[in-house]
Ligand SMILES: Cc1cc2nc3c(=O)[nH]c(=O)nc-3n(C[C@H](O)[C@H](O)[C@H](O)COP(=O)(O)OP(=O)(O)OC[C@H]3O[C@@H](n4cnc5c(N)ncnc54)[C@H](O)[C@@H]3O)c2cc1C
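Starting off, we have a lone chain in the form predicted on its own, written out as C-alpha cells.
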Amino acid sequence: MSTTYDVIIVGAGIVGCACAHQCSQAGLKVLILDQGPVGGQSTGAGMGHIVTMDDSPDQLALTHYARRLWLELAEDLPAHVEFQRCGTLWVAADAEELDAVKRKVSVYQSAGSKAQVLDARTLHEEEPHLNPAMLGGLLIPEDAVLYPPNAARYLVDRARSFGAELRTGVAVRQIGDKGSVTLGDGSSVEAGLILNAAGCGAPALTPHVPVRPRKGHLVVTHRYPGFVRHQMIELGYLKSAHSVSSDSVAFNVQPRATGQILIGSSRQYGDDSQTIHHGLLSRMMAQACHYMPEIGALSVTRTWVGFRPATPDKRPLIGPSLVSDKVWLATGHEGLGIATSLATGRLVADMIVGRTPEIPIAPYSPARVTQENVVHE
C-alpha cells in the first residue's frame, strides 16, 4: 500500500489537534484519528489554564513559549473558546512561602515574563474573598484561562482548513514501527510518520512509553461573576504536584467566562476508575475553604474526575520514539497539556519539516527515557 499521508496523528485531544494544526499549516498532509470526540478524555476533563510554571528551567521555557503562542492566537479565537487573560495569582500562606514569592519573581522576570509581588493589602484588594490571613502573593498578569474542549475543536477546524482530515469514532488497535496504523476493523492506513498523541493511552500503542495516568478531581459551581478574579494557586502546589508516593491536594481555583468557578486540585496514582474518591474530594474542598472560606457556601453543579498523562521526570515526550524513527510521541504533559499544546505542535512541525525550533528540544526528547525510568508504586 502506498503512503497516503505525511503524518497520521493518533489522538484528537488538544495536543493532537495543535500538532495537526501546525503540521497541516506547514504543508504536510495530515490525518487525525480518535475513537472518541475531539477534545475528549484528558482535554475534556481538565482545567483550562494557560500558565507559566517555573518548577524547572525546561518547564519554564516550554510554558513561557507556549503562552506567547496563545497570546498571539488570542485575537483569532472565537468567543466559545472563552479565552480570558485573567492572570495567575500564586498565594503565600506563611512567611516561608512569601520568601519563595520574592525568589520566584526574579526567575519569571529573567525569562521575560511579567511578574509582580503583592503585599497582603494589595492581594486582598485583588481577591477580596481570600482568607485575610494570607500574607501576599505573586501576580503573573499575562497568564490566561480557556475552555479546553472548544479550544481543541477550534484547532482541529484550523487544521482542516489547511487540508487535514479528521476521523472520529475510529479505534486504533496498533501503531506499526514501519509507518502504519491498524484500525479496530482490521484495516490499515500508512503515512511517512505516525504521531502518538493518545495521552494516557499512549503506552498501549507504543512500547516503552513511561506515561502513567494520574487521577484528579474537579468541581464547578453555579454562576458567581466576580467572586474569583484570577486563577489562584497556592505556593504549595508544586510540592503537591511532585508527590508520587501519596495522594495529594492543593488549592487551585479558576474563573470561567460563564461566571462559574472551577475548583481543584487533587492527584492520585494507582486508581484508574472513574469513581469519585469522596475522602480526597473532601480534603480538596477543605483546602479551598482554607484559602477562600466563603467558597464552601457556593452551590456546586458538577463534580468529575479525569486523568493526566504523567512522566517520571515531569517533562513531556515530544519527538521520535525509541521504537522507530517513523513513530513519534507527543504525550506525557500531565497537567500542562492545555497550556503547552501550541508549543508542542510547533516543535513537532519544526522537527518534521526541518525548521530550527525557537527553544531547545532536547529536554523533551523521548530519547532521554527508557522503560526502566517508569516509577512503580
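In this text, residue numbers run from 1 along the sequence as written. Predicted, not measured: the structure shown is a model, and the values here were computed from it.
The discussion below concerns the form predicted in complex with the ligand, not included here.
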Kindly confirm or deny that Cys19, Ala26 and Asp325 each have some heavy atom within 4.5 angstroms of the ligand in the predicted bound form. no
If contact means a heavy atom within 4.5 Å, which one of 301-309, 132-140, 102-110, 185-193 is the stretch that engages the ligand in the predicted bound form? 301-309
With the partner left out here, check for me: in the predicted bound form, does some heavy atom of Asp54 sit within 4.5 Å of the ligand? no
With the partner left out here, check for me: in the predicted bound form, does some heavy atom of Leu33 sit within 4.5 Å of the ligand? yes
How about His49: is it within 4.5 Å of the ligand in the predicted bound form, going by heavy atoms? yes
With the partner left out of view, is Thr43 within 4.5 angstroms of the ligand in the predicted bound form by any non-hydrogen atom? yes
Candidate from Ala66, Leu336, Ile318, Ala349 lying within 4.5 Å of the ligand in the predicted bound form - any heavy atom: Leu336
Can you pick out, from Ile295, Leu205, Ala115, Ala250, the residue that has a heavy atom within 4.5 Å of the ligand in the predicted bound form? Leu205
Select from 197-212 the residues with a non-hydrogen atom within 4.5 Å of the ligand in the predicted bound form and write them out in sequence order. Ala197, Ala198, Gly199, Gly201, Leu205
